[in-house]
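Just so you know, structure 1 and structure 2 below are the same protein chain in two forms, each on its own as structure tokens.
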Structure 1
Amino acid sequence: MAGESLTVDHLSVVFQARGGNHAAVRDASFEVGSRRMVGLVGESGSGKTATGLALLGLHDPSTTTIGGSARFGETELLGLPPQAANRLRGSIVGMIFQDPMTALNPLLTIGTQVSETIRIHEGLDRRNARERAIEILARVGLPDPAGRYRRYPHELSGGLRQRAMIAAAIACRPRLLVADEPTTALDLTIQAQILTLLRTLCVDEGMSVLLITHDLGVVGAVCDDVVSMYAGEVVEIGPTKEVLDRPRHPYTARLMASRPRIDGWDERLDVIPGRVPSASSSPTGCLFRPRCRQAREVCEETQELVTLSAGRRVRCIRAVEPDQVSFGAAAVAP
């Protein structure tokens, strides 16, 4: 049963807009190993959500073109016919979202929204689904699950709503969970609780988790591996400890240096000078070059994602040069 891993290969997500096409994800390849928790990090607009939505087939097909492949175990997730995709969503692949207030239906009770998943996929009747849902609510650490079952989202605090949403997403024990910034809307204490919960689900239930976040602190706390994304491209992959200790791509290093501090919580990562290049242009060379302090002439050539060692890949010329330097915190200090 366990053992499936997610393999994303040359994934591209292109939005068709009136002003031209908009490549939100370009040729992204990465893995989420079985029972592993992988952090997908990047600045705002780097294509993290677009990647997550693509895995569940939640993009609007009339305005979005998806390319490449994403296999989970034996199953190809991309380009599934609608019926097959509906069967898969919620049962094999689940997703949770950033804001637990807007992602829960305000007119339905917590119980309805959790048992709905169970009734769809397991065809249980109302009573049995209710029992299962209350179990799940208890599992995610919701106090008084039977009482909360009858409550509406607005009657719960943010942290409890987030737990309820997680319960709805994992009610049928999906093997892969995409968590899109699940703690951004929460305060620090609750954030830690939710992350611990996700970690527990990963370890105890054998769920593979793709944790989307812009916060490397979160990644350091719970993730096994990191995928760093810039302007729709994967620029660095590796085990969390290695990447955080010794980032090999200047962008990842800068992400770390501009980590939000405890006191200035909602500070986003726009402290890296310069802006993400417009996704509609198709530039050549390293996309980070205009903002990179180590940029050189050679960076104008297109960079490949190069494997340094098993599970360690970087898209930067400096990482493969013999006289490579580390882009540790010292290197990025002004």
Structure 2
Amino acid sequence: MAGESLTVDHLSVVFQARGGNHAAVRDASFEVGSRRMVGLVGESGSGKTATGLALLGLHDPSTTTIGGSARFGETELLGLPPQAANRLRGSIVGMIFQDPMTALNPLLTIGTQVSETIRIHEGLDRRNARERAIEILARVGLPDPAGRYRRYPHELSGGLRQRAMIAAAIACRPRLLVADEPTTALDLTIQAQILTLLRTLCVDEGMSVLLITHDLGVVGAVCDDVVSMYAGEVVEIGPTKEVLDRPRHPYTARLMASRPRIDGWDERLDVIPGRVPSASSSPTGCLFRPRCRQAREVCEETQELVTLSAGRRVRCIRAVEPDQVSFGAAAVAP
């Protein structure tokens, strides 16, 4: 249905372990509008993949507690019974996983894994499903798609497996696509082709795309909006150009300052000291406080995600003060 969007409201993902409960995602709220690509960015351990898996109900319910809400159109994605979740995956919501070697079934051919989704959700016979699958394999840039249709995952390179997994994810034209590092194993030429394809699906076919990535360059090239996550919390949200040109949270600013530039051969890259806190040992108040150069006493208090303007939200008390200082490149330079 045209005009559907994803609304994530106070999402939490808590893993249960012998040592206690560990919160991987904390009170995350954001939106992915119809025909829009949203980049979910942050360091490893920030909760990006845990968020994506929660949207498709792929966490083990015996060891994971999911809270909050995630609605796509009129459908609540969280807490669905197994049969309802299976009907949803592939047809309404699709996912490109980060590691194609573990996501693809080693006992089935590439063609079987792509055509199976088509047969289940669209009811095509074996022949028509095969023709559709070969067409989709060609669309994602797989050389000799008819030949690769009969190959097993171990017979393909990492990049070809990645493209095959993307084909399986978009085979039934899902209306919401969660793409977890979809271009990691691809060379730059194929990466550009895949990103162009995702953008085309988004704009021309009304697909909503949540792009999980470390690559801020990719976000700047194809995403409409950015959601910055740190230690399981959403710390900044806004239109891509606004966030990348003038970040309002110090963490987002440090991410921007630490990325290499094509014209910065003699430039010293910024480094964020320390590491993302574990889910079991988070600091009080602002979670970024121990690594933040602008931290002060007030940062020991709990920080709320506040609205700065239409579509722009940030979890930092300094960003909403009258004497707020810039967190741009000049402010974070080493």
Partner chain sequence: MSTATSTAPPQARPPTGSDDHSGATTRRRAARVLRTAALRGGAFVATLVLATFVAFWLIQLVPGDPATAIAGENATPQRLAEIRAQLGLDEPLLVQYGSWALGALQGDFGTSLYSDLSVTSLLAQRLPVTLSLVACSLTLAIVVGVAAGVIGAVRANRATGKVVTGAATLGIAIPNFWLGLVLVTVFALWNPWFPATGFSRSGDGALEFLRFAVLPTIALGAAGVAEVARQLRGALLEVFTADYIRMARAKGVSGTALLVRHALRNASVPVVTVLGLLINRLVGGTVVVEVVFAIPGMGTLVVDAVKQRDYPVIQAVVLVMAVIVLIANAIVEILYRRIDPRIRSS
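FYI, numbering is relative to structure 1, first residue = 1. Worth saying up front: this structure is predicted, and the values here are computed from it rather than measured. Basically, rigid core = biggest C-alpha set you can superpose within 1.5 Å across the two forms.
Here, the chain labelled structure 1 is taken from the form predicted together with the partner chain. Treating the chain as two rigid parts that move between the two structures, Pro100 and Pro250 fall in separate parts. Hinge angle between the two structures, smaller rigid part versus larger, from C-alpha superposition: 13 degrees. Core-aligned Cα shift between the two structures at Ser157: this is 4.1 Å. Comparing between the two structures on a rigid core frame, one finds that Leu107 has its C-alpha moved by 3.1 Å.
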